[in-house]
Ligand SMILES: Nc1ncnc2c1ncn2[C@@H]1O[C@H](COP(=O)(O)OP(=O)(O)O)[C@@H](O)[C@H]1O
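Shown below, as C-alpha coordinates, is a lone chain in the form predicted alone; questions about how it binds or moves come after it.
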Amino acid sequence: MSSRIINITDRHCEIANNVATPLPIPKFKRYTIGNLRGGIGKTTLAFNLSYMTDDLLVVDTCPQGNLSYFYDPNFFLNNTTTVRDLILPYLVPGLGRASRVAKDISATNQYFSNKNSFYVASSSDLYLLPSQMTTSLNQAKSLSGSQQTMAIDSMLYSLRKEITREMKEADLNKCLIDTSPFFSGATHLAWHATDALIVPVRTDQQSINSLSLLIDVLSNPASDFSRNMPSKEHRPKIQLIIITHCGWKTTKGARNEPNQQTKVFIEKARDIVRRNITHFTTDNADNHILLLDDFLGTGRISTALSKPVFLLNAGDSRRIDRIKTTVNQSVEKIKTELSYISNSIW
(Lines give C-alpha, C1' and ligand atoms only; values in the text may rest on other atoms or scores of the structure.)
Protein backbone atom coordinates (compact mmCIF):
# COMPACT_ATOMS: atom_id res chain seq x y z
CA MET A 1 0.00 0.00 0.00
CA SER A 2 1.20 3.50 -0.81
CA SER A 3 2.86 5.18 2.15
CA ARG A 4 1.02 8.39 1.23
CA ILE A 5 -2.32 7.05 2.47
CA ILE A 6 -1.17 4.66 5.19
CA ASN A 7 -2.28 6.98 8.00
CA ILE A 8 -5.77 7.25 6.50
CA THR A 9 -6.21 3.53 5.90
CA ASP A 10 -4.72 2.52 9.26
CA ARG A 11 -7.06 4.93 11.02
CA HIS A 12 -10.01 3.47 9.14
CA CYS A 13 -9.11 0.01 10.36
CA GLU A 14 -9.07 1.38 13.90
CA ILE A 15 -12.44 3.06 13.31
CA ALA A 16 -13.92 -0.23 12.07
CA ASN A 17 -12.65 -1.91 15.26
CA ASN A 18 -13.85 0.90 17.55
CA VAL A 19 -10.36 1.75 18.79
CA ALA A 20 -9.65 4.96 16.86
CA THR A 21 -8.62 8.11 18.70
CA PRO A 22 -10.47 11.37 17.92
CA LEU A 23 -9.31 13.46 14.98
CA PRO A 24 -7.13 16.45 16.00
CA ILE A 25 -9.41 19.01 14.36
CA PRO A 26 -11.44 21.93 15.73
CA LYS A 27 -15.19 21.57 16.18
CA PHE A 28 -17.84 24.00 15.00
CA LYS A 29 -21.56 24.63 15.41
CA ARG A 30 -22.58 24.97 11.74
CA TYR A 31 -21.65 22.73 8.84
CA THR A 32 -22.62 22.70 5.18
CA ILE A 33 -22.55 19.40 3.31
CA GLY A 34 -21.88 19.78 -0.38
CA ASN A 35 -19.98 19.06 -3.55
CA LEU A 36 -20.63 20.32 -7.05
CA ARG A 37 -21.91 16.98 -8.32
CA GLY A 38 -25.02 14.89 -7.66
CA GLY A 39 -25.29 11.26 -6.62
CA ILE A 40 -22.35 11.20 -4.24
CA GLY A 41 -24.18 10.80 -0.92
CA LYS A 42 -24.71 14.39 0.31
CA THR A 43 -28.34 13.98 1.37
CA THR A 44 -27.86 10.44 2.71
CA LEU A 45 -24.97 11.68 4.84
CA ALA A 46 -26.94 14.72 6.04
CA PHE A 47 -29.95 12.57 6.97
CA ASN A 48 -27.92 10.07 8.97
CA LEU A 49 -25.72 12.65 10.69
CA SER A 50 -28.84 14.58 11.69
CA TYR A 51 -30.08 11.51 13.55
CA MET A 52 -26.83 11.14 15.45
CA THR A 53 -26.92 14.44 17.30
CA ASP A 54 -29.42 16.55 19.23
CA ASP A 55 -30.48 20.19 19.55
CA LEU A 56 -30.00 20.47 15.80
CA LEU A 57 -31.44 22.63 13.04
CA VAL A 58 -31.26 21.08 9.56
CA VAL A 59 -31.68 23.38 6.56
CA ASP A 60 -32.50 21.85 3.18
CA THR A 61 -31.33 24.17 0.40
CA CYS A 62 -31.44 21.58 -2.41
CA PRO A 63 -34.43 22.26 -4.69
CA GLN A 64 -34.91 18.51 -5.21
CA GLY A 65 -36.17 18.38 -1.61
CA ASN A 66 -35.13 14.79 -0.90
CA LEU A 67 -33.97 15.56 2.64
CA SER A 68 -37.23 17.36 3.39
CA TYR A 69 -39.09 14.27 2.11
CA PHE A 70 -37.10 12.01 4.45
CA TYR A 71 -38.30 14.12 7.35
CA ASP A 72 -41.89 14.41 6.12
CA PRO A 73 -43.38 11.89 3.64
CA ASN A 74 -46.07 14.44 2.76
CA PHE A 75 -43.55 17.19 1.99
CA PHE A 76 -44.27 17.27 -1.75
CA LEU A 77 -48.00 17.59 -1.06
CA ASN A 78 -47.75 20.33 1.55
CA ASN A 79 -47.94 24.06 1.02
CA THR A 80 -45.43 25.02 3.67
CA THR A 81 -43.10 27.88 4.48
CA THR A 82 -39.64 27.06 3.12
CA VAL A 83 -36.04 28.21 3.13
CA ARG A 84 -36.79 30.29 0.03
CA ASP A 85 -39.36 32.26 2.05
CA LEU A 86 -36.59 33.10 4.51
CA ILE A 87 -34.27 34.37 1.77
CA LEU A 88 -36.66 36.16 -0.60
CA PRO A 89 -37.38 39.26 1.58
CA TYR A 90 -33.67 40.12 1.36
CA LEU A 91 -33.89 40.09 -2.44
CA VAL A 92 -37.30 41.66 -2.94
CA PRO A 93 -37.90 44.78 -0.80
CA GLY A 94 -41.28 45.04 0.86
CA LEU A 95 -41.93 41.35 1.45
CA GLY A 96 -42.82 40.36 5.00
CA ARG A 97 -40.43 38.12 6.90
CA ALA A 98 -41.40 34.75 8.35
CA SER A 99 -40.53 33.48 11.82
CA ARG A 100 -40.56 30.10 13.57
CA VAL A 101 -40.35 28.34 10.23
CA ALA A 102 -38.44 25.29 11.48
CA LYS A 103 -40.55 22.19 12.06
CA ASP A 104 -40.06 19.48 14.66
CA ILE A 105 -38.81 16.41 12.76
CA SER A 106 -40.37 14.04 15.28
CA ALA A 107 -43.82 15.30 14.32
CA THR A 108 -43.55 13.71 10.87
CA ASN A 109 -40.81 11.08 11.19
CA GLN A 110 -41.37 8.54 13.97
CA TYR A 111 -37.70 7.55 14.07
CA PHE A 112 -36.76 10.98 15.44
CA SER A 113 -39.20 10.75 18.37
CA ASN A 114 -36.39 10.91 20.94
CA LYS A 115 -34.59 13.80 19.22
CA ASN A 116 -34.77 17.55 19.72
CA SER A 117 -34.24 18.26 16.03
CA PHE A 118 -35.92 20.70 13.65
CA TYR A 119 -35.71 21.33 9.91
CA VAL A 120 -36.40 24.10 7.43
CA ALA A 121 -37.91 22.64 4.27
CA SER A 122 -36.66 23.12 0.73
CA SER A 123 -38.60 24.45 -2.27
CA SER A 124 -38.46 23.64 -5.97
CA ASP A 125 -38.56 27.42 -6.52
CA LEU A 126 -34.92 27.49 -5.38
CA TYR A 127 -34.08 26.69 -9.02
CA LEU A 128 -35.04 30.31 -9.71
CA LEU A 129 -32.89 31.76 -6.94
CA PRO A 130 -29.63 32.15 -8.92
CA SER A 131 -31.21 34.54 -11.44
CA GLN A 132 -33.00 36.43 -8.67
CA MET A 133 -29.75 36.82 -6.75
CA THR A 134 -27.90 38.01 -9.87
CA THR A 135 -30.52 40.69 -10.47
CA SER A 136 -30.45 41.82 -6.83
CA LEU A 137 -26.65 41.87 -6.66
CA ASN A 138 -26.44 43.98 -9.81
CA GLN A 139 -28.93 46.42 -8.32
CA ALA A 140 -26.94 46.58 -5.09
CA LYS A 141 -23.72 47.26 -7.02
CA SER A 142 -25.36 50.25 -8.68
CA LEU A 143 -25.48 51.92 -5.28
CA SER A 144 -22.50 53.73 -3.83
CA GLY A 145 -20.49 53.74 -0.61
CA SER A 146 -22.04 52.38 2.55
CA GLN A 147 -25.40 51.79 0.87
CA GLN A 148 -23.80 49.32 -1.52
CA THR A 149 -21.97 47.55 1.31
CA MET A 150 -25.11 47.27 3.43
CA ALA A 151 -27.19 45.97 0.52
CA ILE A 152 -24.67 43.28 -0.44
CA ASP A 153 -24.10 42.25 3.19
CA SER A 154 -27.83 41.99 3.79
CA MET A 155 -28.25 39.71 0.79
CA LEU A 156 -25.24 37.44 1.20
CA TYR A 157 -25.65 37.04 4.96
CA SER A 158 -29.44 36.56 4.68
CA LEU A 159 -29.43 32.80 5.26
CA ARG A 160 -26.91 33.13 8.09
CA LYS A 161 -29.08 35.72 9.82
CA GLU A 162 -32.25 33.65 9.41
CA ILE A 163 -30.57 30.48 10.65
CA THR A 164 -29.31 32.34 13.73
CA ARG A 165 -32.83 33.55 14.45
CA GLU A 166 -34.41 30.11 13.92
CA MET A 167 -31.83 28.44 16.17
CA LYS A 168 -32.49 30.99 18.89
CA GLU A 169 -36.27 30.65 18.64
CA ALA A 170 -36.11 26.84 18.86
CA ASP A 171 -33.28 26.84 21.45
CA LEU A 172 -30.90 24.84 19.23
CA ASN A 173 -27.11 24.97 19.23
CA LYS A 174 -26.07 23.09 16.06
CA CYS A 175 -26.88 23.45 12.38
CA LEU A 176 -26.45 21.22 9.34
CA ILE A 177 -27.12 22.52 5.81
CA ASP A 178 -27.70 20.25 2.81
CA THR A 179 -26.95 21.80 -0.59
CA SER A 180 -27.59 21.25 -4.29
CA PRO A 181 -25.04 20.00 -6.87
CA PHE A 182 -24.52 23.51 -8.25
CA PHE A 183 -22.91 26.55 -6.66
CA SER A 184 -25.17 29.48 -7.57
CA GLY A 185 -28.07 30.59 -5.41
CA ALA A 186 -28.75 28.91 -2.08
CA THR A 187 -25.40 27.09 -2.03
CA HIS A 188 -23.64 30.46 -2.27
CA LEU A 189 -25.65 31.70 0.72
CA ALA A 190 -25.04 28.42 2.60
CA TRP A 191 -21.27 28.93 2.33
CA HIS A 192 -21.64 32.31 4.00
CA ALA A 193 -23.98 30.83 6.63
CA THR A 194 -21.64 28.05 7.72
CA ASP A 195 -18.53 27.66 9.86
CA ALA A 196 -17.02 24.82 7.82
CA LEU A 197 -17.71 22.50 4.89
CA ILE A 198 -18.07 18.71 4.77
CA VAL A 199 -17.45 17.41 1.25
CA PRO A 200 -18.53 13.89 0.21
CA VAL A 201 -16.44 12.52 -2.67
CA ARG A 202 -17.49 9.32 -4.42
CA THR A 203 -14.83 6.86 -5.63
CA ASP A 204 -14.92 7.99 -9.26
CA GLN A 205 -13.01 10.52 -11.35
CA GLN A 206 -15.99 12.85 -11.81
CA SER A 207 -16.24 13.31 -8.04
CA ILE A 208 -12.51 13.98 -7.78
CA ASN A 209 -12.93 16.61 -10.51
CA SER A 210 -15.85 18.17 -8.64
CA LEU A 211 -13.71 18.40 -5.48
CA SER A 212 -11.09 20.32 -7.45
CA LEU A 213 -13.83 22.53 -8.89
CA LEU A 214 -15.28 23.24 -5.44
CA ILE A 215 -11.89 24.34 -4.11
CA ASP A 216 -11.38 26.49 -7.20
CA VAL A 217 -14.75 28.20 -6.68
CA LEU A 218 -13.84 28.72 -3.03
CA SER A 219 -10.41 30.19 -3.74
CA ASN A 220 -10.22 31.64 -7.27
CA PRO A 221 -10.53 35.46 -7.19
CA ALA A 222 -12.36 35.29 -10.54
CA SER A 223 -15.09 32.90 -9.30
CA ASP A 224 -18.64 34.08 -8.62
CA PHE A 225 -18.06 33.40 -4.93
CA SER A 226 -14.99 35.63 -4.69
CA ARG A 227 -16.35 38.37 -6.95
CA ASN A 228 -19.51 38.68 -4.86
CA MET A 229 -18.24 38.95 -1.31
CA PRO A 230 -19.77 40.61 1.76
CA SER A 231 -17.68 43.21 3.57
CA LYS A 232 -16.13 40.74 6.05
CA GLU A 233 -15.25 38.41 3.15
CA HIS A 234 -16.35 35.28 5.00
CA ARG A 235 -14.76 32.25 3.32
CA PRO A 236 -15.44 28.89 5.05
CA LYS A 237 -12.74 26.28 5.40
CA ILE A 238 -13.19 22.58 4.75
CA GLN A 239 -13.44 20.31 7.78
CA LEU A 240 -13.74 16.84 6.20
CA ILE A 241 -13.57 15.01 2.90
CA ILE A 242 -15.76 11.88 3.19
CA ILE A 243 -14.79 9.29 0.58
CA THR A 244 -18.08 7.47 -0.12
CA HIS A 245 -18.88 4.14 -1.84
CA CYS A 246 -15.57 2.64 -0.73
CA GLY A 247 -14.80 -0.98 -1.60
CA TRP A 248 -12.63 -3.41 0.34
CA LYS A 249 -10.31 -6.30 -0.34
CA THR A 250 -11.97 -9.69 0.01
CA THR A 251 -8.84 -11.73 0.71
CA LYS A 252 -8.53 -13.36 4.12
CA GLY A 253 -7.21 -11.00 6.79
CA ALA A 254 -7.76 -7.86 4.70
CA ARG A 255 -11.35 -7.12 5.66
CA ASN A 256 -10.83 -3.40 6.28
CA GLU A 257 -8.19 -2.74 3.65
CA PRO A 258 -9.41 -0.70 0.65
CA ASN A 259 -9.38 -2.38 -2.74
CA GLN A 260 -7.18 -1.01 -5.50
CA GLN A 261 -9.83 1.27 -7.04
CA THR A 262 -10.63 2.83 -3.68
CA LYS A 263 -6.92 3.35 -2.93
CA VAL A 264 -6.49 5.23 -6.21
CA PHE A 265 -9.20 7.72 -5.32
CA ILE A 266 -8.03 8.12 -1.71
CA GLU A 267 -4.60 9.05 -3.07
CA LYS A 268 -6.09 11.51 -5.55
CA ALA A 269 -8.23 13.15 -2.87
CA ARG A 270 -5.31 13.37 -0.45
CA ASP A 271 -3.14 15.00 -3.11
CA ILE A 272 -5.81 17.66 -3.70
CA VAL A 273 -6.13 18.28 0.04
CA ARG A 274 -2.34 18.50 0.48
CA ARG A 275 -1.96 20.99 -2.37
CA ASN A 276 -4.80 23.14 -1.01
CA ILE A 277 -4.23 22.70 2.71
CA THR A 278 -4.72 26.42 3.47
CA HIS A 279 -8.42 25.86 2.74
CA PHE A 280 -8.71 23.22 5.49
CA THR A 281 -9.09 23.62 9.23
CA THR A 282 -5.64 22.15 10.08
CA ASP A 283 -2.31 21.96 8.27
CA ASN A 284 -2.21 18.14 8.01
CA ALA A 285 -3.98 16.52 5.03
CA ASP A 286 -4.37 13.19 6.86
CA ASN A 287 -6.66 14.87 9.42
CA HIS A 288 -9.31 15.59 6.83
CA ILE A 289 -10.09 12.36 4.96
CA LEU A 290 -12.47 9.68 6.28
CA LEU A 291 -13.81 6.62 4.48
CA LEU A 292 -17.40 5.39 4.26
CA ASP A 293 -18.64 2.04 2.94
CA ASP A 294 -20.96 1.65 -0.02
CA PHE A 295 -24.41 1.45 1.62
CA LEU A 296 -25.81 -0.96 -1.02
CA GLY A 297 -29.06 -2.59 0.22
CA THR A 298 -28.75 -0.83 3.57
CA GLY A 299 -28.99 2.54 1.86
CA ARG A 300 -31.90 1.52 -0.35
CA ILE A 301 -33.95 0.35 2.63
CA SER A 302 -33.00 3.41 4.67
CA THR A 303 -34.14 5.67 1.84
CA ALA A 304 -37.34 3.72 1.17
CA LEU A 305 -38.37 3.86 4.85
CA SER A 306 -36.90 7.30 5.67
CA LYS A 307 -35.23 5.39 8.49
CA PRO A 308 -31.69 6.20 9.70
CA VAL A 309 -29.08 3.52 9.03
CA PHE A 310 -28.32 3.47 12.75
CA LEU A 311 -31.74 1.84 13.36
CA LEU A 312 -31.30 -0.93 10.77
CA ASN A 313 -29.99 -4.41 11.54
CA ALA A 314 -28.38 -7.09 9.43
CA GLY A 315 -31.06 -9.32 7.92
CA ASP A 316 -33.76 -6.62 7.75
CA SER A 317 -35.42 -6.86 4.35
CA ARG A 318 -38.02 -5.11 2.23
CA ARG A 319 -39.34 -5.29 -1.30
CA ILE A 320 -38.33 -2.19 -3.25
CA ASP A 321 -39.65 -1.94 -6.82
CA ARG A 322 -40.76 -5.58 -6.38
CA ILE A 323 -37.18 -6.68 -5.68
CA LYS A 324 -36.30 -8.08 -2.25
CA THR A 325 -33.57 -5.95 -0.70
CA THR A 326 -31.70 -6.99 2.45
CA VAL A 327 -29.48 -5.22 4.96
CA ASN A 328 -26.15 -7.06 5.02
CA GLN A 329 -23.58 -7.50 7.78
CA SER A 330 -21.65 -4.37 6.75
CA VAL A 331 -24.34 -2.23 8.39
CA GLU A 332 -22.56 -2.50 11.75
CA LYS A 333 -19.35 -1.17 10.21
CA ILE A 334 -21.30 1.66 8.55
CA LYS A 335 -22.80 2.62 11.91
CA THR A 336 -19.30 2.77 13.40
CA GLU A 337 -18.07 4.94 10.51
CA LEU A 338 -21.01 7.33 10.83
CA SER A 339 -20.53 7.56 14.60
CA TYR A 340 -16.89 8.49 14.14
CA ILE A 341 -17.79 11.17 11.58
CA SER A 342 -20.41 12.60 13.93
CA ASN A 343 -18.02 12.61 16.89
CA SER A 344 -15.41 14.33 14.73
CA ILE A 345 -17.59 17.32 13.92
CA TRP A 346 -19.70 17.97 17.01
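Residue numbers here begin at 1 and follow the sequence given. This structure is a prediction, so every number in the text was calculated from the model and none was measured.
The following text describes the form predicted together with the named molecule, which does not appear among the structures shown.
*If you check 44, 306, 287, 53 against the named molecule in the predicted complex, which one has a heavy atom within 4.5 Å?*
Filtering the options by heavy-atom distance leaves 44.
_Can you tell me if residue 316 lies within 4.5 angstroms of the named molecule in the predicted complex, counting non-hydrogen atoms only?_
Contact with the named molecule, no.
*asked:* Please tell me whether any heavy atom belonging to residue 295 falls inside 4.5 Å of a heavy atom of the named molecule, as the geometry stands in the predicted complex.
replied: Taking the distances in the predicted complex, the answer for residue 295 is yes, it comes within 4.5 Å of the named molecule.
*Please run the contact check for residue 37 against the named molecule in the predicted complex: heavy atoms, 4.5 angstroms, yes or no?*
Looking in the predicted complex, residue contacts with the named molecule include residue 37, since a heavy atom lies within 4.5 Å.
*Answer for residue 244 alone: is it within 4.5 Å of the named molecule in the predicted complex, judged on heavy atom distances?*
Yes.
*For the chain shown here without its partner, which stretch in 23-31, 295-303, 276-284, 317-325 has non-hydrogen atoms within 4.5 angstroms of the named molecule in the predicted complex?*
Within 4.5 Å of the partner lies stretch 295-303.
*Partner contacts for 261-276, taking the named molecule in the predicted complex and a 4.5 Å heavy atom cut-off*: Result: empty, none.
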